[in-house]
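Take a look at this one chain, the form predicted on its own, written out in structure tokens.
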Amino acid sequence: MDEKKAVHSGTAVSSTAVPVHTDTTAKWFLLSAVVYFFIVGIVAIILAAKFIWPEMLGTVATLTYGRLRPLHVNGMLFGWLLAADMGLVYYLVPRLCGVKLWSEKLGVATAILWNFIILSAVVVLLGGWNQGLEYAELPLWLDVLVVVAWIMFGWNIFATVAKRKYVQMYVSVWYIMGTILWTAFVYLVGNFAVLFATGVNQANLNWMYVHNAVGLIFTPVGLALAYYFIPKSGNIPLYSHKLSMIGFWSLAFIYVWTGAHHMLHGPISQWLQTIAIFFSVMLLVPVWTVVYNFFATMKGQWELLQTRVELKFLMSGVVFYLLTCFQGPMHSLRSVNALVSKTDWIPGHAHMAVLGAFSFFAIAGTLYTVPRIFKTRLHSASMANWSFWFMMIGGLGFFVTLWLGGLWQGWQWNNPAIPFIDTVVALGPVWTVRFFSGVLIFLGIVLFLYDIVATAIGASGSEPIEDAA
């Protein structure tokens, strides 16, 4: 690790030799995650088609909407995105710490257990075994296994950080350690504590989990990836380490209090609603801090987007992150919430966060990392570029259509003269655009899958690419 790269990563320079990383765990997680991304994409296409042709596959219990939808949600969140994030964490933490992963054996065992959990989830959810709680549909025994897997993951990462050779910890390491601790808290509340509550209290705990699954699991680990891969992909220094710390600590103190804004105008205390609104608006502080830091890092370097497809995904993800985190505070306001709550605006907003922001970060990290851990070149930069444009165009069609459709839907719902069934019929054109936008996104996923798998399979026959911390 030379001095220039040490400055980029924010670590202290050490005279010791750079360790040789085997990256076996990262390979397991990344390759399995990409395959799950493809499978979840198929499920998403079927679900989108059901909005246009409601009777499609309706006589097959396993393929009904009520069983496919939780499979899609859990598959996207835990099969693809969190698994990819974990694989990338296994890659970058040892490099930012200047040491090998504490235990590859423990890492591989974690990957095997994680894949068992995901495959078991497919079986139980398609079989109708569902606890009926948003994002917490898995049965209790699988929840216990998730906790075990997370302890294994956290132990390995913290043990790696504990033996680091670089005294100063780069911001990505802070976000990763925060993710591990926050995920433990959020998951235990949303999947265990919620079982001991009923009625409104249970709903409040569930929405605390749902909102913080995005805010304290996927947001911090996604930002950890962006803070690492934006400077690395562009070979440019991060604009400000002080700003990165402001963003980290403000996120840590603000986000946990926002979940109740999903229950505005519901049977919860007005003071609790007001607190949730206040902290939702306060989220603009960490968001603007982070986004400004990324854009300032890219100042004078925007021409790199023409040749670095990873940067296209990363900076597009930053823009989607900004839009997502502007929408969230705005539709937490009571007047806006009365119009858009429970409408198609919400899935448009959620998909922009999970797909447009955090999946784009994970895709960029995978495109950067896989060639390096397999010591080869990316199979096709052109294919990666086409993958980006399919996902970008399809994503914009998906997001914008659902935002506009949601506003129209909310306006109709607030007019008592319009029968509810008429509001359903009116959304037909919106759902048609949603379906074809989803097809474009899926084509991008197919190209991404092929590119990554072909890179891994063809590793022995191409020139190695440099791997540096």
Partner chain sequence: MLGNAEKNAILFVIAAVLLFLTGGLLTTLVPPLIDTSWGRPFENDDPAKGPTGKLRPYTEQELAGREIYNREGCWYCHTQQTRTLLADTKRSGWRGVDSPISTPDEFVYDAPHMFGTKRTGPDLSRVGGKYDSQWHLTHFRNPRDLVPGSIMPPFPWIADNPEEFEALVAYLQTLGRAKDWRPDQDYED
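Positions refer to the first chain, counted from 1. None of these values were measured; they are calculated from a predicted model.
There is another form of the same protein, the form predicted together with the partner chain; it is not shown, and what comes next is about it.
Heavy atoms of residue 202 reach within 4.5 Å of the partner chain in the predicted complex, making it an interface residue. Although the partner is absent here, residue 266 lies within 4.5 Å of the partner chain in the predicted complex, judged by heavy atoms. Shown alone here, residue 382 lies farther than 4.5 Å from the partner chain in the predicted complex, counting heavy atoms only.
Contact annotation for residue 130: at least one heavy atom lies within 4.5 Å of the partner chain in the predicted complex. Taken together, 42, 192 and 328 are entirely out of contact with the partner chain in the predicted complex: none brings a heavy atom within 4.5 Å. Of the listed positions (115, 324, 206, 316), a single one reaches within 4.5 angstroms of the partner chain by any non-hydrogen atom in the predicted complex, namely 206. Checking 288, 389, 158, 295 against the partner chain in the predicted complex, a heavy atom within 4.5 Å turns up for just one residue: 158. Only one segment in the set 143 to 151, 158 to 166, 390 to 398, 354 to 362 has residues whose heavy atoms sit within 4.5 Å of the partner chain in the predicted complex; it is 158 to 166.
Residues 51, 54, 55, 58, 59, 60, 61, 64, 65, 66, 67, 69, 70 are the ones in 46 to 73 with at least one heavy atom within 4.5 Å of the partner chain in the predicted complex, listed in sequence order.
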